[in-house]
Structures are given as C-alpha cells and as structure tokens.
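Next up is one chain by itself, shown in structure tokens, the form predicted alone.
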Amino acid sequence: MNDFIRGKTAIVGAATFGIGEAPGYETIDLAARASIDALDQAGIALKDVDGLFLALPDDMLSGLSFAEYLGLRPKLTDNNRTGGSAFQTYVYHAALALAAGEIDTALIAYGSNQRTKAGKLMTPAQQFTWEDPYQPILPASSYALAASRHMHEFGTTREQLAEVAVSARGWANLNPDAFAKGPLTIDDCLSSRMVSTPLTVRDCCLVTDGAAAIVMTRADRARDLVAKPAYVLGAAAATWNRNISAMADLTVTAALESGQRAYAQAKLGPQDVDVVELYDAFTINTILFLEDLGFCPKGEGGRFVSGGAIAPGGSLPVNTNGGGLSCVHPGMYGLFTIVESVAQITGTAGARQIPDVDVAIAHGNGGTLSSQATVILGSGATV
C-alpha cells in the first residue's frame, strides 16, 4: 500500500477565494469560484473533472448540488463529513482512485459564508449526553479541557499557548490575504476576554468567510500540466472518538496514528519536513499536533513553541499563512492547510515563502480532537 500511494498522484491547482468577508455569496458560489481558479491554474476544463470531493456546511447532499451547479457528471463523488479533517481524507481517497485508474481528474472544494451570514461559528444543533449537563461553550470548552489537562500534566503555561497565537499573527502579517493583521503580543493574549478557561478569545480561531479548492491528477499527467506539481507522498486518517468526554487521554490525539502511517507511506520522518501546516482552531491544537506528529516529545510542545520557534525566522515554520487563528477559518479549515502547503512547495507564497521547500505536512482535525488526517506533499525532488 505504501508504494501504491507514494508519488503516484499530484496536486496541479490550488486556490482560495473570498477569505475574510464575502457578502452576497452563498457557500456554493464561493466553492465554485475557488474551483474555477484552481482548474484554470492546472489548465483543465470543467468537463474533464470526473471525481468530485467536497463538503458544504449548509448542504448535506452538496456532492450532488455542486455537480449540478458546475454542470459536471462525475464518476465518483465523496461527501464524507469528518469535520475539518474531511479534506485530507478526500486527498487520500482521490489518490487511491486516481492511482487505480478509476478517475482522471479530482476536484476537492469547500466554501462557507458563515461570517457574513451568521456572524458566528455555524455548527449543527446536537445533543451530547455526557457533556450537555455541564453547559459547555462548544467547541471551545472541549479544547479548554484538553488545554487544562496538558497544563496539569506537563506544566504547559498560558504564555506558551499565547506563543502559538503570536506566531500565527506574525505569519499573517506577511500574507496579503490574511484576515487578521497587526501587532499581537503575549500580554495582549493573556489580557484578552476569557472564553472558556484557560482559553481566551486570542486562543480561538477566527470566524470568517472563505473558500478553497485543489485539483489532483496522476503524476505522469501532472508533469505535462504545470511546472511544479505538489506530489502526494503519504496520506492517512484515524478516528478515536467523537466527543471529548470519550477520549482515553486528553493530551494524545489520533494524529499519533495518522502521522505514523503517512510517514511510512512517504518513507520520511519529521526530520525531513520543511514546513508544517496544522489545523489550529485553538492554540492547544498546534501544541498537541506538533507532539503527536513527532516534532517534539509528548509534553514538550509548550516549551517547543516558545521563543518564536514556530514564528517567522524560527526553527520550524508552522502555519505560514497565519492559520485558522489569524488567516482564515470559515467553519472547516482543513483544505486551507493543503493550499498553503502547495504554495510553499511550488514557491508561490510571496513574502512568507520558505526557501527550498521539498516536503510539507498538511494536517486536518475534525470534531473535537476526534478525526485526524495527515497529508504529506513533496516537490519533484522527492519522487
């Protein structure tokens, strides 16, 4: 299976649209605009898309709706919903289908207008039997529990959580598309409004509009379409729970498993990765995922991010677009980590470009530390 995935497929187009506020657009409009831009990059016509993968926040049958909207007749549609990790899972499924010759072109898309339509995070109303009696602020309180446990177990501090937010803002200040810009200090984070102890509003992701899309095809075709494809070297997903109350250990996520399998497929390890794009819906996420993906030992994440280590100029570039904390977070952020990874590999990231990027990780998180999915992308030098 490792050789079945590694380097057999590639991303040949990656685009975003409507980041921040996009008044007048429905979710499907936003996804369509990003999709057309990504296809234009690849030089592929709409009619050639025969694999369609997407999840829209307001349409449970969006695979059907989007095909109709764009006039597509795909052989394969995937509307699997695992939250923000769904898009990494789509890359995995698309790579399998492409490598098997079942499809020739895969379009993966997402769009949301949650900021201009609702002004807040839009999540379906659900009942959580073991959690609702405590009247949590969801999803923040779930992540706050993980943060509290990490602090208790390993001595992680609020200042270290704040380092994650400040680093993300540093990257956002280099990104013309980022929604939140300007100075942000550790003290700003510590003194901001508390949402769910120990997480303040600066520990929580943005609420924005936005869309993203990528186009995948087989590696042999990719080289004829674009000068620098981003090759899929590994992709894996793992789900250990749905609710935070069902986690066996609040400080360990299924990224431990998805990462190990993705590394095995890619025949690489954390030491080979040049840039890391993580699903930072909350500052504790970045710390947990850096640990679980092997960039530092368990419990050392807080100390690892200190001193600007993941900020511009630091030892490990993390969330180079500004992440969900300062760039964009339209309900589900996973596809944006992939788009940014492609930009870094293809050398198109502008002022935030990391020199000589050959390997990038794009990691997605779904639910409340529930579904984890890891994609490893590489330049032509890796295949």
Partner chain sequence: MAANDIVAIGDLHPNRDYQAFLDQGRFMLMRDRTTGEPFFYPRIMAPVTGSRDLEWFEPSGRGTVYAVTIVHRRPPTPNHNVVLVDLAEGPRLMSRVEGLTPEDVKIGMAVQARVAQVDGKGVLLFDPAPAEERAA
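Numbering follows the first chain given and starts at 1. Quantities reported herein were computed from a predicted structural model and do not represent experimental measurements.
Below, we refer to the form predicted in complex with the partner chain, which is not included among the displayed structures.
Engineer: Counting any heavy atom within 4.5 Å as contact, can you tell me which stretch out of 303-311, 170-178, 139-147, 283-291 lines the partner chain in the predicted complex?
Structural biologist: Careful reading of the contacts points to 139-147.
Engineer: Within 4.5 Å of the partner chain in the predicted complex, heavy atoms considered, which of 116, 245, 79, 239?
Structural biologist: Answer to the contact question: 245.
Engineer: Counting non-hydrogen atoms within 4.5 angstroms of the partner chain in the predicted complex, say which of 105, 265, 156, 196 makes the cut.
Structural biologist: Spelling it out, the residue with a heavy atom inside the cut-off is 196.
Engineer: Hey, in the predicted complex, is residue 131 touching the partner chain, heavy atoms inside 4.5 Å?
Structural biologist: Yes - in the predicted complex, heavy atoms of residue 131 and the partner chain come within 4.5 Å of each other.
Engineer: So in the predicted complex, does any heavy atom of residue 152 sit within 4.5 Å of the partner chain?
Structural biologist: Residue-level check for residue 152: yes, a contact with the partner chain.
Engineer: Should residue 249 be counted as a contact of the partner chain in the predicted complex, where contact means heavy atoms within 4.5 Å?
Structural biologist: Output for residue 249 is yes: heavy atoms within 4.5 Å of the partner chain.
Engineer: Residue 271: heavy atom within 4.5 Å of the partner chain in the predicted complex?
Structural biologist: Looking in the predicted complex, residue contacts with the partner chain do not include residue 271, since no heavy atom lies within 4.5 Å.
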